[in-house]
Every structure is written in C-alpha cells, then in structure tokens.
Ligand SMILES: Cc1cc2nc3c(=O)[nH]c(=O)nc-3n(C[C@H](O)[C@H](O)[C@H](O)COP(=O)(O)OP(=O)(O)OC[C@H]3O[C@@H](n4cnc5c(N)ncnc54)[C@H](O)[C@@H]3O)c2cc1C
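In the block that follows, a single chain appears as structure tokens, in the form predicted alone.
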Amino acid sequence: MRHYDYIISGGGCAGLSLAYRLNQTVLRDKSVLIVDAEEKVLNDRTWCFWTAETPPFAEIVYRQWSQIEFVDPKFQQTAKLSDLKYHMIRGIDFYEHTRESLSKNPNIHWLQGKIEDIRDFSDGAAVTVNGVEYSARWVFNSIYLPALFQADQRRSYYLLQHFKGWEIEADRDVFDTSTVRMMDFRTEQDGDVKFFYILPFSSRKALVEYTIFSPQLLPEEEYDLHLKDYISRQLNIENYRIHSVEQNAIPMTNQSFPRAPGKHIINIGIAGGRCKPSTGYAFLQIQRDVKNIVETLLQEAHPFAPIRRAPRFHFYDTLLLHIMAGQHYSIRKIFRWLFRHNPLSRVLAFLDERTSLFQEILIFSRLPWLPFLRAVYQTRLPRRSGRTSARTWQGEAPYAHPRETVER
C-alpha cells in the first residue's frame, strides 16, 4: 500500500485550495496525493463572492462589479458596493492556476479515479481508488458520501438551491457591465423561492440564471421555458446566441455535516458544511476554512481546526429555512424588506456573517416580524411527519450534477 502524509479526496475548489495553501508553507515538504474522478480541463463551474479586501486568487478573477441590483414587482434598487467588489472566478482558470503552481512540487502526486471508500484506522486513514488502497496520516475529503451523512428529518430542514444558466450574447448593447442583478423576483413563486440572477460580461454578453429554492428539481424543459420567457419579456431580447449552459443543485440544510467522520479524516468544502445554508455561497467560507486547517496543522500537528462561526448565524439560517420549507410567508417579501430598509453594505455583511449583534437587531427590526416570531416558536419543536416533511429534500449528492455547473 502506497503511503502519503496527506490524501486529498476530490480535486475541486476545497481540495485544490487546501493543497495550494499547504504548498505555500513549510508543509510543502509533506507528500500529498490528490485524487479526483475528472481531469478538470473544462470550465465546469463559477464561483462568486464579495469582499473589500484583496480577493483570494486575485490574479485569476475573471470579472468584478461595483454595483448590485435587486428587483421585484414592487421595488427596484441599484446600489453601489462602496469599498466592496463582487468577484467572479471561472473554474477552468482556477484549475489551471492551482495545477500549474502545484505541479512544480515533486511531493505532490495526482491520481485520476473514482474514490470507492474512505476508512479510518489506528494511526491513519486510507482511500480506495479503482480497487487500489492508498494510506495517509490524514485524509481530507471534499466529496459528499451519503453513508457519512445521516439526515435528521424531525429536527432539520432540507431544500435544494437548483439553477440553470445560459451565457448569452445579444445582437445589441443591453447589459450594464458595472452591475450584478443579484435577485430579480419578477416570476411566479408558486410556493417556492424563484428568482433570476445576471452576471454581465460585456454590454452584449451575460450569464442569465434561473434559481429556485425548493425540495425537488424541475423537469429539464421548465428551466428552459422560464429562461426564454425572462430574456424575452423582462430583458426585451429577442435575438441572442447561447454560448454555454451551466447547471447545478446545492443542498440547503441547517443540519450539521459531519466534520470528522474518523480520527484521521476531516471533511472539507460542501461535504464539511462550508456552504451557507440560506444562500448557497461557499467560496469565501472554503478559503477561510482551509486557512484555519493549515494554521492548525502548523501549530498543533493536527487538522481539526474549530469552525469559527457564531451560533446565532446557524439560528438565523434555521429560521429562514423554516419559512422557506413551510410556505408560511413569501421569502420574496422578506428579501424586499431586507434590501429596501437596510444599507447594502449591512445586508451583504449580514449574508457574509460579519455583522455585530447590534447590526443584526437593526436588520430584524426592519423586517416583517410575524413570520420570524412564528418560526422562532415552531423551530423549538420536533418536526412532525406529513405536510412539513413532504417539503424536504431527501436523496444523495444533488450537487454532483453531470452537467456543467455554476456555484455561488
């Protein structure tokens, strides 16, 4: 059995981010095996995030924007981001950049294959790839394994954030290249949360995405029908070309993903719960997490860095998921109040879990209070089977979609 210091299961955002950060420290002398089922030679996803600081992987940021727009049938707002910028990194640029850097280190090894099993033992862990076992002192897993996630249907909420986007090119100038349309709720909600999202790349090119928070995926043709209708009716574009199609589904749950399924195994990325349950944004959370993991390895010789998250944000996510899952109130109205009655900087800081308790009190004081009071009461009780559980997601890795994907 071939042995390494570290095995990284999954060569996506979390796995390559961890390897990249390890390679920038004295831990570059450790032997590392990176395993992934794919070659990562396609632009298969996109990550977006906002920050006032120099962004992670600044050298490969594909686009950045200085304004954000919110639209619904009763309210429209375009606001400057001030010192913040909304950034986008393409998957292919990320893969090529990290691989180029890591390939210069002879201690880093690559293996393409399907990971069939991860097991823990007394002084290390092992992964089985294509029937062959490889061992390491520590295994970092970024691949969702259903056997490691036991759903608590009575006390937790499970939805999907699923979306499909078209990168289109119009026959005329139509897009404002300085502005991301973060949410456009001008579509029927039908008891779920549905909106459109636009990332403009030029005055004629943009990614136009249809996003839904609900328990189940839609029939494939329904995404296309809504995209066609929105582009025609709301954007007033009749003639356009579709250059690429992006699609994915991300779990939205307040149940904790297992962080350490073994004494020598640690879950990272979405498999480790590094995706905000109520929004789906993950990139910055992943970067902060791998930074903490590497620092813990350096200082304490183990990777089990504590999750640095104030418990109250888990509570806020639970309230929003409860409202979404139970159809007690229109989420469209809540977001309208959120953007209408708060400065944009405070909204984004709240969504990024960087607000103070005082700022959060200000935010909630300007939201409709009844749905939240009801949610506070009802989330203290075990959930009954029946109507509520019918609106929960059940199943295996919904975000392991075979198509090209875009992530928050």
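The structure presented is a predicted model; accordingly, all values stated were derived computationally and were not measured. Numbering starts at 1 and runs along the sequence shown.
Just so it is clear, the following notes concern the form predicted in complex with the named molecule, a form of the same protein that is not shown.
- Does the named molecule come within 4.5 Å of a heavy atom in each of G11, A14 and A37 in the predicted bound form? Result yes, every residue of the spot touches the named molecule.
- Query: So which of I68, V347, L33, C48 reaches within 4.5 angstroms of the named molecule in the predicted bound form, heavy atom to heavy atom?
  - Reply: After the contact test, the surviving option is C48.
- Message: If the cut-off is 4.5 angstroms on heavy atoms, which of these, Y281, F75, Y316, F257, is the one near the named molecule in the predicted bound form?
- Response: Exactly one listed residue reaches within 4.5 Å, namely Y281.
- Pick from 228-236, 316-324, 291-299, 263-271: which stretch has a heavy atom within 4.5 Å of the named molecule in the predicted bound form? Within 4.5 Å of the partner lies stretch 263-271.
- Touches the named molecule in the predicted bound form: D184 (any heavy atom, 4.5 Å): It does not: once the named molecule is placed as it appears in the predicted bound form, D184 has no heavy atom within 4.5 Å of it.
- Item | 4.5 angstroms heavy atom contact with the named molecule in the predicted bound form for E167 | No.
- Query: Within a 4.5 Å heavy atom cut-off, is G124 in contact with the named molecule in the predicted bound form?
  - Reply: Result no; G124 lies far from the named molecule in the predicted bound form.
- Do G113 and the named molecule come within 4.5 Å of each other in the predicted bound form, heavy atoms counted? Within the cut-off, so yes.
- Members of 226-248 lying within 4.5 angstroms of the named molecule, judged by heavy atom, in the predicted bound form: Contacts from 226-248: E246, N248.
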